[in-house]
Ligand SMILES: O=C(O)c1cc(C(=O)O)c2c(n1)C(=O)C(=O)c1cc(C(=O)O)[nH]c1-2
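A lone chain, given as structure tokens: the form predicted on its own.
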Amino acid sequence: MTSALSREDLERELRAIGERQYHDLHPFHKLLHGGKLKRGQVQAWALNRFYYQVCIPKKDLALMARMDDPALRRIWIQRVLDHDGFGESREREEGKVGGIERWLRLTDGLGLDRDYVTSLRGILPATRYAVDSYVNFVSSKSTLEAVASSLTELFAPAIHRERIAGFEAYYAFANDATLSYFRKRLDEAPRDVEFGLEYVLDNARTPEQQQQVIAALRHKAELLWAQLDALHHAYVSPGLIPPGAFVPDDMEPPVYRR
């Protein structure tokens, strides 16, 4: 890139990343949303995705720690509250339940022990590496690149709508409680991405900055894809669950020998 893109062209480049490589295209999601997975495979997905959920506030706080503008921090902190919630008393009184608690209602509905889920003992090694890589990326890159990495939310409402429809059509665990995370994100994600996209388009002015934000969003999309690669490899085909990872009741763990 030798000359800066217009705002319109830069936005098109960012949106094209979702069209090419957002994880709604992954075969695992096709199976999940199409009702093709067994209960244990869905449990494995929800369990591993929980690690991503609990790390979202960590990456946002890491980003906020490097924001010099108080106004920007005041806007960004809403993302932390969306996931961490407002505390038990306010949540009871005002319905301000965070995304982490909503996700735990999903794992509850799938029959997973909550203490086991929150212990993080059963997640795949590749899940841990991918999510930790995202937190490290946001912690070490510029504010502009970190904000750009959040723009996968451009594509999130579509996957949430598809997921809600698929779960309701094919899975007995689907109800108001287990689907509450996805329904809430239909409201939250567009609000977040509206601000994030404007911030990126306003501040990515030079060719170098524009290359950085495109690379940041591509990196985030790759991390999401890698998590599904790991799930597919462990729980679909060839079904090689790593030692120590969650083993569904309807699967036999492989035996590894020297």
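Every value quoted in this text rests on a predicted model; they were computed, and no experiment measured them. Don't overthink the numbering: it's just position in the shown sequence, from 1.
Beyond what is shown, the protein has a form predicted in complex with the ligand; the following relates to that form.
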Site superposed, the ligand placed from its pose in the predicted complex: open or blocked, blocked meaning at least 3 ligand atoms within 2.4 Å of a backbone or C-beta atom?
-> open
Among I159, L72, L144, V135, which has at least one heavy atom within 4.5 Å of the ligand in the predicted complex?
-> I159
Does any heavy atom of L201 come within 4.5 Å of a heavy atom of the ligand in the predicted complex?
-> no
Look up in the predicted complex whether R128 has a non-hydrogen atom within 4.5 angstroms of the ligand, and give yes or no.
-> no
At the 4.5 Å heavy atom threshold, is Y52 in contact with the ligand in the predicted complex?
-> yes
Report yes if any heavy atom of E153 sits within 4.5 Å of a heavy atom of the ligand in the predicted complex; otherwise report no.
-> yes
Per-stretch contact check against the ligand in the predicted complex, the hit in 64-72, 217-225, 35-43, 193-201 (non-hydrogen atom, 4.5 angstroms) = 217-225
Any chance all of K58, R102 and R121 sit within 4.5 Å of the ligand in the predicted complex, going by non-hydrogen atoms?
-> no
